[in-house]
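In the block that follows, a single chain appears as structure tokens, in the form predicted alone.
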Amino acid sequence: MMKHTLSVVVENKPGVLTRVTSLFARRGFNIDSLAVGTTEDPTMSRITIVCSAADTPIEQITKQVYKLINVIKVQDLDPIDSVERELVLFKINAAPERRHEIIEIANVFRAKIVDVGRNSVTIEATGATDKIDAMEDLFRAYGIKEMARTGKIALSRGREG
């Protein structure tokens, strides 16, 4: 089983997301990550779905998604031919005497400090999933109070379409 990133362009209408995700549930696929937002055309949305599946079942589900009403385009994005990013917010335990260590880690990953509390620091970072995972591993040593990840968003590289 391998991870697949599907980019699904749909009409921006109520119920479309439910129809798409229900198809995955009915077929027994677990969705690892889901991100939805409008595209450059406000009448359309892009749903980015990450799931684990063998190649043949993913081809079948891609065809079934494409047949759904309001679905305009479906792509199984190749990681080499696409740009993938994720956004995360970490709220880290940060006693004043250890705060500089946390800020150094954030700087190494080109992350931003977006809030400083009496005993915590909130950090924003974007990047590939492995970068976010590496930051999470390092911050666990300090204690992660809260964390919110967007899930992966992706677009195909350079070529049109």
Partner chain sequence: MTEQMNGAQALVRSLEAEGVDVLFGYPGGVALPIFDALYDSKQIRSVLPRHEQGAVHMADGYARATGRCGVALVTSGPGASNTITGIANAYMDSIPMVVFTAQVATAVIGTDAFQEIDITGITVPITKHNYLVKDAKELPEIIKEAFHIATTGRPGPVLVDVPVDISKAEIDFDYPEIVNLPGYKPTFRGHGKQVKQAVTLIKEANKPLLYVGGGVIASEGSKELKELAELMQIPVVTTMMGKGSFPEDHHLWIGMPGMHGAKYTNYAITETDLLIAVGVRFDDRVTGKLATFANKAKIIHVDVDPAEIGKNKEADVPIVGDAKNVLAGMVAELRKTGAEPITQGWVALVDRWRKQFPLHYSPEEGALHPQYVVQRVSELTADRETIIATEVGQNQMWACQFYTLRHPRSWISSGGLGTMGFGLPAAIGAQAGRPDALVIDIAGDGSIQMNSQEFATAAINGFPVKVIILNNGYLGMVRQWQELFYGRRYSSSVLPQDCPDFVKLAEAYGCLGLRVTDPSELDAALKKAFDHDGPAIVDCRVVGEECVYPMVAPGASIDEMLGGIPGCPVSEMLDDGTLEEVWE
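Nothing here was measured: the structure is a model prediction, and the numbers come from that model. Numbering follows the first chain given and starts at 1.
Just so you know, the form predicted together with its partner chain exists too; it's not on screen, but the next bit is about it.
K.L.:
If the cut-off is 4.5 angstroms on heavy atoms, which of these, A54, I69, V108, V114, is the one near its partner chain in the predicted bound form?
P.N.:
That would be I69.
K.L.:
Taking R19, Q60 and Q64 together, does each of them reach its partner chain in the predicted bound form with some heavy atom inside 4.5 Å?
P.N.:
So, yes: the whole triplet contacts its partner chain.
K.L.:
Going by heavy atoms within 4.5 Å, which of 96-104, 22-30, 116-124, 45-53 lines up against its partner chain in the predicted bound form?
P.N.:
Looking at the other structure, the answer is 22-30.
K.L.:
Hey, in the predicted bound form, is E11 touching its partner chain, heavy atoms inside 4.5 Å?
P.N.:
Close contact exists here: in the predicted bound form, E11 approaches its partner chain to within 4.5 Å, heavy atoms only.
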